[in-house]
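The chain that follows stands alone, in the form predicted alone, written as C-alpha cells.
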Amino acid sequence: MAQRPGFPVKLQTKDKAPSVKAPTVKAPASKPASTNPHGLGLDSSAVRQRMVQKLAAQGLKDPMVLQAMGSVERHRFVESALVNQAYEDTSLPIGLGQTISKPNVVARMIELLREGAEGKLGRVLEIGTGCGYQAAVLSHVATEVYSIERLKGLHEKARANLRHFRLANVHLLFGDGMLGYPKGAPYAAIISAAGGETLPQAWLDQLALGGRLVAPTVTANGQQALMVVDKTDQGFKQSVLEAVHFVPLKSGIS
C-alpha cells in the first residue's frame, strides 16, 4: 500500500463559527500528579503493560498503537464500581446505553487506521466520543483529533474524563456524527464507534485523498463487521473484515 499522507491542514479561523462547540484543553507545562481515589494500584504502568502484552499476544503489532494503549490510563474512563475490570479485555457500560469498547477492539481499529502510514497520522475524525478513551489513545498516534458525540451527557463526561490528561490536540464536539465535521476536513483518517447499514456520504466526502476510514457496518446477513475504506485516485476501495458488535449509528443529538 502506498504511504498515506498526514494532511496537517490548518483550519481557517476567519469563517463563521460552526453550530457545534469544539473546546480545546490546553496542555500545562507538566502532567499533574495522579489522584486515583481507589487505592487499587491502577496508576502503575505495569498494569497497563500487562494489558499491552496480552494485546501483542492477540496479534496487535503496531509499536505506536501498543505504546499508546500502554500510556492511557483506561481506569479513568470507567465507572468506579467497575474499575477493577478496567484493564480486562472486555467492554464496559458507561451510561446512556453506551459502552467503552474492549481494548483489543480499540487497538485493532486504530492499527487498521494506521496501516501503511509512516509516523503519526494527520487530522483524525472520531465519530462517537463516548467516555473519551479512544480519543485519548488517538491523541498519541495523530497530530489532531476531532471527536464528535451526539449525546450531551456523554460529551460532558468525556470532557471531564479528558481534563486530567490535558490533551491540546484533542477537540471535543457536540453534534450529529452522521454529518461529520466539514470545517475540519479533509481528514487523513475517520474512525467510527457506531455502525449503520451504510456509511454516511458526509464521511466519504470529508475523507482526504489517500485517507482511510474504519467503521462497523451492517452486512447482508444482518450482522456487523469492520469495514475499511481507502479513498484513492480511482475511487473508494472497500474491505469487509471480522465480525464486531457496536451500538447502532443514529442521527440527531440528544
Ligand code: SAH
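The numbering used is simple: start at 1 and walk along the sequence shown. Owing to the predicted nature of the structure, the values given are computational and were not obtained by experimental measurement.
Beyond what is shown, the protein has a form predicted in complex with this ligand; the following relates to that form.
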| query | finding |
| --- | --- |
| Within 4.5 Å of this ligand in the predicted complex, all of V52, G70 and V141 (non-hydrogen atom) | no |
| Contact residue in the predicted complex, chosen from L199, A208, A194, V47 - any heavy atom within 4.5 Å of this ligand | A194 |
| Residue (of S91, Q98, N169, N104) lying close to this ligand in the predicted complex, criterion heavy atoms within 4.5 Å | Q98 |
| Close approach of M178 to this ligand in the predicted complex, 4.5 Å, heavy atom | yes |
| Partner contact for L154 in the predicted complex: this ligand, 4.5 angstroms, heavy atom | yes |
| Exercise: I127 in contact with this ligand in the predicted complex, heavy atom 4.5 Å | yes |
| R150 within 4.5 Å of this ligand in the predicted complex, heavy atoms | yes |
| Contacts with this ligand in the predicted complex - residues in 225-248 whose heavy atoms fall within 4.5 Å | V247, P248 |
